[in-house]
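So this first bit is one chain, no partners, the form predicted on its own, shown in structure tokens.
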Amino acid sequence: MSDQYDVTFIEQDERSAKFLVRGITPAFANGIRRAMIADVPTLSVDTVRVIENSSVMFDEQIALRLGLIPLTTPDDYRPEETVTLAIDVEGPATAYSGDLVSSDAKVQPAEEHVPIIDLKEGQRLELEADAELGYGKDHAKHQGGVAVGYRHLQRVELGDERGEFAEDDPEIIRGVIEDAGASETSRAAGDGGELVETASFDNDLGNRYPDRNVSVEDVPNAFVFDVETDGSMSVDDLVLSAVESLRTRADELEDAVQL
């Protein structure tokens, strides 16, 4: 990202993250969200060759389930490349995603315990499947970002003490707040305030400030993103790939305009 953007991670692990981005417009924030859902390619099963299926489920239903199993997606794959996965399970047993054997060690089911079908005595499932790169804008099975959202960062300013007979109605707020009244030193230095997750006080400002009046306002050009992936890639790779796709499209538009 450019130096004009300020990014602060609030929570982060391999598959999910919550982070604050300052210095972007609402349109750009929505562009990042859409790019994470639609413009980052992932591998997914596209073609299935059934060798034997003596289960109670049709081949097409098996193929649908295989297509919805997230696969780890290396960043060096290209649209024309495919990887083959095979499975051979005989009942009585449950065929799981972890039973799929990949032709590329870098491409594996993101979860090993996704059930495909429960096989009874004498039933067997044997097949091969080809996985290809695709985009979420073309099919939901290629959406690496399964839960992507954002909301304005909101600033809470402390006012006067509440009167003895002030109304005690809850003031519900969700997400992350910038507590501008919590640190006078930070505010004086121009650093904003402390970032606080609203879940820590059950989303009710009355629980955090029971004796004070408060005011809430949106912080201009500051957005808190919540991102979760399906395991096909890390949340870092998803976000960076989405931003890179926006940069590429902007460059293409600039070139087209100059013509």
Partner chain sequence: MMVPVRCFTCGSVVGEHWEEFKQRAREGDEDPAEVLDELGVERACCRRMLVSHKDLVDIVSPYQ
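Positions refer to the first chain, counted from 1. The model shown is predicted, which means the values in this text are computed figures rather than measured ones.
This next part talks about the form predicted in complex with the partner chain, which is not shown.
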{"item": "In the predicted complex, residue 135 touching the partner chain (heavy atom, 4.5 Å)", "value": "no"}
{"item": "Interface membership of residue 87, the partner chain in the predicted complex, 4.5 Å heavy atom rule", "value": "no"}
{"item": "Any non-hydrogen atom of residue 193 within 4.5 angstroms of the partner chain in the predicted complex", "value": "no"}
{"item": "Contact test in the predicted complex: residue 228 vs the partner chain, heavy atoms, 4.5 Å", "value": "yes"}
{"item": "116, 153, 156, 125 - the one with a heavy atom within 4.5 Å of the partner chain in the predicted complex", "value": "116"}
{"item": "Contact residue in the predicted complex, from 216, 27, 56, 51 (heavy atom within 4.5 Å of the partner chain)", "value": "56"}
{"item": "In the predicted complex, segment of 169 to 177, 100 to 108, 141 to 149, 79 to 87 with a heavy atom within 4.5 Å of the partner chain", "value": "141 to 149"}
{"item": "The partner chain in the predicted complex reached by all of 33, 223 and 247, non-hydrogen atom within 4.5 Å", "value": "no"}
{"item": "Residues of stretch 65 to 79 in contact with the partner chain in the predicted complex (4.5 Å, non-hydrogen atom)", "value": "65, 68, 69, 70"}
